[in-house]
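In structure tokens, the next block holds one chain alone, the form predicted alone.
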Amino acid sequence: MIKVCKFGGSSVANAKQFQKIKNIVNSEDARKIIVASALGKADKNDHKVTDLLYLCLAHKKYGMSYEDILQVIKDKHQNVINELKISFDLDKEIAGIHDLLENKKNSDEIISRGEYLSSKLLALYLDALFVDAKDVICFDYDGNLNIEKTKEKFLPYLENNKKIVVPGFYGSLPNGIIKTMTRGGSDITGSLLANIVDASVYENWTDVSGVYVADPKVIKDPKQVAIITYAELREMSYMGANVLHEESILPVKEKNIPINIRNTNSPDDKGTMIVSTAEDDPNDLAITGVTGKKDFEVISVAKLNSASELGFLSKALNIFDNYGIPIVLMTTGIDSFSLVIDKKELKNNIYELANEIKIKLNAEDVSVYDNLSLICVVGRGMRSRKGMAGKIFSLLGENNINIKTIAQGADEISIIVGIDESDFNKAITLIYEGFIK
């Protein structure tokens, strides 16, 4: 039995956190593979190493000195080395980053040095085998992860009796050039390795004791979810819940490997278990979570009998494709349809886009609405309860919250409503108190 353990930035923020990791890893022989993020913030005045590396790149680009920033990175790692009494040539590694910056080498390699350094230190502290991600995590030239090639590269290391530490967040292209994942990519590294070794569980260690029903920034001391399905979590993650990187779910889901969200600071907490399927227990809460996102815009297109006009919608969608703008939500009627778009994707093209839609679709009217928020109510238990959607709509309506858009999937595990941004916190609070509290 093998467990893959990924430790996030807050879990490797300083020497004290490293000591917690050692206790956790050594408490079970099954915890064989450890994936580490870059050193995170030890307190509110501290800085994430990855952010500092991005800052070094920005300073270099604009001809500004980055030496002070590089010194902060060095000091942060040196403190860990000193407190844990590790023998490590940090000067050499920092000089290497300096050379990469000076020679304008691959920026992905520079950004990856945070995970590289933290994993080197963690491997030394645990007396574990360090395996560089660039040697085992394989990308194709199109940027997609190659699971088969990664499996071929990584499995021989399992023959070693030591525990294995692998940096998260990066790998390499077929030509050996380092490539990073999107932020939070260490989750993907852990998930990928769990898939490859057929892990019994993928433990994701962070600074919270699992998944909460609602954002603690909106709801004080929200309830924790004991069990959640992959499908529910993907819905919550897509709509703003900062739990796991979306892409980290697919590799483990493929093999029905459960994910256990655990708290490095409270290792005795059981956390939240993320599984493929879970029973719809009538005694459980109908709602697993309520979350949401702000900053959306709506483009509403009106034309008489547009629903029966062949290719009408596809013409509109092609325009969005040409602009490279993804559609978040779409609602249709007999004489109109509305598209919800993430504001950051528009890149100030909204009115140019609206004008092109009007001309190419010969639309009677194209309207733009902004300041929209989407609230997502998720729960596998909603399928076995009648009238859930009606209860949610009534609750919001009775409290003077106007619903502008509505969407519900055929699987009935989520309901999304669009409301004015000014009602965002109020709506989440009402739903939480009405169905959870």
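Don't overthink the numbering: it's just position in the shown sequence, from 1. The structure displayed is predicted, hence computed values, not measured ones.
The form predicted together with ligand ASP is left out here; the points below concern that form.
Checklist entry - If you check K104, K85, K315, R183 against ligand ASP in the predicted complex, which one has a heavy atom within 4.5 Å? => result Only one option qualifies, and that one is R183.
Checklist entry - Quick one: of A38, V378, C56, I34, which gets a non-hydrogen atom within 4.5 angstroms of ligand ASP in the predicted complex? => result Only one option qualifies, and that one is A38.
Item to check | Partner-facing stretch of 185-193, 152-160, 326-334, 349-357, counted where any non-hydrogen atom is within 4.5 angstroms of ligand ASP in the predicted complex | outcome: Correct option: 185-193.
Checklist entry - Do Y202 and ligand ASP share at least one heavy atom pair within 4.5 Å in the predicted complex? => result Taking the distances in the predicted complex, the answer for Y202 is no, it never comes within 4.5 Å of ligand ASP.
Next on the checklist: Taking any heavy atom pair closer than or equal to 4.5 Å as contact, tell me whether S373 reaches ligand ASP in the predicted complex.
Outcome noted: Flag for S373 set to no.
Checklist entry - Does ligand ASP come within 4.5 Å of any heavy atom of T50 in the predicted complex? => result Because a heavy atom of T50 falls inside 4.5 Å of ligand ASP in the predicted complex, the answer is yes.
Checklist entry - Relative to ligand ASP in the predicted complex, which residues of 148-176 have a heavy atom no more than 4.5 Å away? => result Read in sequence order, the lone residue that approaches ligand ASP (within 4.5 Å, in the predicted complex) is F169.
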